[in-house]
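Just one chain is shown here, as C-alpha cells, and it is the form predicted alone.
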Amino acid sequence: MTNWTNRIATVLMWFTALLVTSVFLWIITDLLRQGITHLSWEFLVTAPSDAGRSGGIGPILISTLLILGVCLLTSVPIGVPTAILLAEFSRKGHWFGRLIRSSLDVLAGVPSIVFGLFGNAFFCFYLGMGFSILSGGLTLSCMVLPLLIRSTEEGLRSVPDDYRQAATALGLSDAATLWRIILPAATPGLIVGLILSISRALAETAALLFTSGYADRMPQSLMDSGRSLSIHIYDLAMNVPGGEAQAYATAMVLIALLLIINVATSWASTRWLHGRISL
C-alpha cells in the first residue's frame, strides 16, 4: 500500500510540474509568435507614437525602472529589519509579534486596487505628490512590504537554533551572530522574498493607474507622471485598436526584464553569501 501511495504521489508531482511548465512554455511561445517581429533596438529606445501603435517603449521602460527603484529603496530598508525584529528579537507568542504578523497577513490579501485608492488619497493628494513616479513607487512599497517581511521572517526562522547557541557559546555578540551566521544561512529566504516582491511590483497595474499616472513621455524627475510597462500593455490591448502586436512585444520585454532582474538578484545574493562565508 505504501509503495502505491508513493508512486501515485510521484506521478501527481510530475504531472503538476509538467502542467506548470507547459503553461509557461505556451505563454512564451504565444508571445514570441505574436511579438518577436516588432522587437528591435529602436523599439526599446524610442518613444511611442500614434497612441502606441508605432514607435517604441523607451520612456515607459525608464518609468518602470524608476518606479521599481523607488519601491525597492523604500521597502527593503524597512522590510528586512522588521523581519529581523520579528524573527530574532520578538519572543514567540508575544502579543505584539502576533499582532504584527496578523496585520501583515491581512495586508497581503488586500486587493491591489485598494492600495491604489490609498496611494491616490495619501501620497497623491494628502502629501501633495500628485500623479508621479514617486507616488507609484511608494504605493508599490506598501503592497510588497507584507510579502517581503513574512518571506524574510520565515527564512530567518528556518535557521536552526543550534547556530545561535553555538555562536553564543563562542562568545559572539548578537550583532555578530546575526551578520556573520544568521543572515548568510537565511539568504535563500531573503532571495525568495525579494524576487516575489520584484515580480509583484513589475506586474502591478491597478495601483499604478491611480498613483503614477498615464503619461508616456520621458520623465524628467521622480515627481513626473510615468506609465509602467504593465499599464502600457493594458492600454494597448484594451483601449487602442490595432495595438495588439505592440502589446505582445511590450509583454516580451516585461518578462525579459523580470527574468534579468531575478537572475541578477540571485547572482548578487550568492556572491554576497560566498563573501560572508569566506570571512
Partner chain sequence: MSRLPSDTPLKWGLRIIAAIAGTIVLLIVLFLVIEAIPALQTVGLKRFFTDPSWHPAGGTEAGTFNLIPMLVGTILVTAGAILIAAPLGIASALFCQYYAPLRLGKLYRHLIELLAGIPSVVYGFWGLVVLAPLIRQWQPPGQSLLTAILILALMILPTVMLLSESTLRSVSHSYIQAANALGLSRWAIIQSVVLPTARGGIITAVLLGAGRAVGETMAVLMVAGNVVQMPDNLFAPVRTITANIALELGYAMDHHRSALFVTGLMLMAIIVMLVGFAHWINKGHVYD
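Since we're looking at a predicted model, the values are computed, not measured. Positions refer to the first chain, counted from 1.
One more form of this protein should be noted, the form predicted in complex with its partner chain, which is absent from this view; the next part is about it.
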So in the model of the complex, does L196 come within 4.5 Å of its partner chain, heavy atom to heavy atom?
no
Using the partner position in the model of the complex, report whether E244 sits within 4.5 Å of its partner chain, counting heavy atoms only.
yes
Taking heavy atoms and a 4.5 Å cut-off, does V70 contact its partner chain in the model of the complex?
no
Would A237 sit within 4.5 Å of its partner chain in the model of the complex, counting heavy atoms only?
yes
Could you spot which one of I84, I191, L183, L147 gets a heavy atom to within 4.5 Å of its partner chain in the model of the complex?
I84
Any residue of 67 to 81 with a heavy atom within 4.5 Å of its partner chain in the model of the complex counts; write them all down in order.
P77, I78, P81
